[in-house]
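What follows is a single chain, given as structure tokens, in the form predicted alone.
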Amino acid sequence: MARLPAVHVTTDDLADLAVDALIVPVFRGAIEAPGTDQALRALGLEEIPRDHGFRGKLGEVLHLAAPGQPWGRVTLVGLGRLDQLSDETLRRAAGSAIRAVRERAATVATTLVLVDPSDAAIRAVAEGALLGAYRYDEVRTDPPPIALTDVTLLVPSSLADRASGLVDRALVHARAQLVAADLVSAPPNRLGPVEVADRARELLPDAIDVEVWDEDRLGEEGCGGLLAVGRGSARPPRLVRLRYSPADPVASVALVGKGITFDTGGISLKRPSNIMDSMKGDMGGAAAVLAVFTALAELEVPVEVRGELCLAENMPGADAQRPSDVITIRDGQTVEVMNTDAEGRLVMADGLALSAEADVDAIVDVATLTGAAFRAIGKRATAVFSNDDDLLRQLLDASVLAGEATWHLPLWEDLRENLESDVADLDNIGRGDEAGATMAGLFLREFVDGTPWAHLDIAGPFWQDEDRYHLSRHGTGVSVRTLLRWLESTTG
């Protein structure tokens, strides 16, 4: 993973900070924020400079020379409208500003926390700064250097100790998210099912038990979904089983991640072909679950957490599954495969069935599952489905704290009949009524055996084509911080 800068807090005066860049916020309409006035006056400016490229819109930046000052330069960053200030706008502003200076400034200080010195805001600014410093460079032979090594947050003196603890926690969350971002962005020829399993062993601390089922074990255990999807590839499927067991856990949960390391659609070849490059990230759910496990012990999460990484490559090889094949899932249910590009739910079915057998208190799955989800709510939000209102509320609350937009979509009971097959227990896509995201959710629900369960469909926000605020282009690592916030808040 890319090196991240150290993040510190200080109560020093601005004039005493010798840094390469000082980041100060500005509200839209040239309204000053705390810290802005002192910086501008030091530069001999009576008002905030404005031009066609800088009006204080969220994420906009303007660099100003700072001759005679201890700062190499001053970078103004837009916060947007004052009446729309939130933790998320602070996170986005911090990420935008850090992204704008990371190649040229080794040391940076910012007054962003002074705008709102609450616990949530301190964490948001620290997370934004850390995520904004990231760039995926793993396979470049000569990447442009990132100079940034140190970020200092100015905080009120009364909050110094508390702020340090909040920053430390933000670092753990951001670092975990970037584990997932790295995995999603990795080239598919370098990261198949076996390689993801190897990464799990390398990345996870000793506190996590790791067990890997190969294709022979999958056959012995009746995991027909994973075996069927992996049949078309020369790279065999894997199931990576994870377990975190704290002393005296207050609850037990299972996380299940879809891990299609590349998705051609199989024989039902994916169209249009120009979207195929992002299908290296069709393992974004498994990446998120793996990333969560990297942080559990450090955060001292009081919950026993099981993980199932359902890994396969979906290729149209000579032995690939065919439309109208019938396969048998781990729990014995049979599925007629009517579309081989609806493969994620087949591998997830095995993982969900295993989780249900473990008799946990709740199951949450994460998957880049349906284009229907982002056609419904856009590519910047996660769709969530659940059979349990309390679990749903917990996850929605956690997503707000994490700043990861999440929206509840329904599991219409009337649509369940569309999953009925003429020859098997279930049809993997459902017939009639469209509602592709809901049909996928209803299919997954069949394998949880009544356990409280939620399904996060991240097919939209797992990937972005351009840098945006605190998130880098390509893999975003979405849902990692939401899941960590949820697990941290679980009290049984």
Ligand code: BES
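Residue indices: 1-based, along the sequence shown. The model shown is predicted, which means the values in this text are computed figures rather than measured ones.
Note that the form predicted in complex with this ligand isn't included here; everything after this is about it.
Give a yes or no for R238: in the model of the complex, does one of its heavy atoms lie within 4.5 Å of a heavy atom belonging to this ligand?
No, R238 is distant from the partner.
For A372, is any heavy atom within 4.5 Å of this ligand in the model of the complex, or not?
Judged by the heavy-atom cut-off of 4.5 Å, A372 is in contact with this ligand in the model of the complex.
Can you tell me if D350 lies within 4.5 angstroms of this ligand in the model of the complex, counting non-hydrogen atoms only?
Because no heavy atom of D350 falls inside 4.5 Å of this ligand in the model of the complex, the answer is no.
Please determine whether E343 contacts this ligand in the model of the complex, using a 4.5 Å cut-off between heavy atoms.
Yes, contact at 4.5 Å.
For the interface check, one of 219-227, 96-104, 275-283, 129-137 should have non-hydrogen atoms within 4.5 Å of this ligand in the model of the complex; which one?
Looking at the other structure, the answer is 275-283.
Sort through L442, A33, A454, A459 and report the residue having a heavy atom within 4.5 Å of this ligand in the model of the complex.
Spelling it out, the residue with a heavy atom inside the cut-off is A459.
Quick check on this chain: which one of I429, V61, A424, L43 has a heavy atom within 4.5 Å of this ligand in the model of the complex?
Selected residue: I429.
What residues of 251-271, in sequence order, lie within 4.5 Å of this ligand in the model of the complex by heavy atom?
K258, D263, K270, in sequence order.
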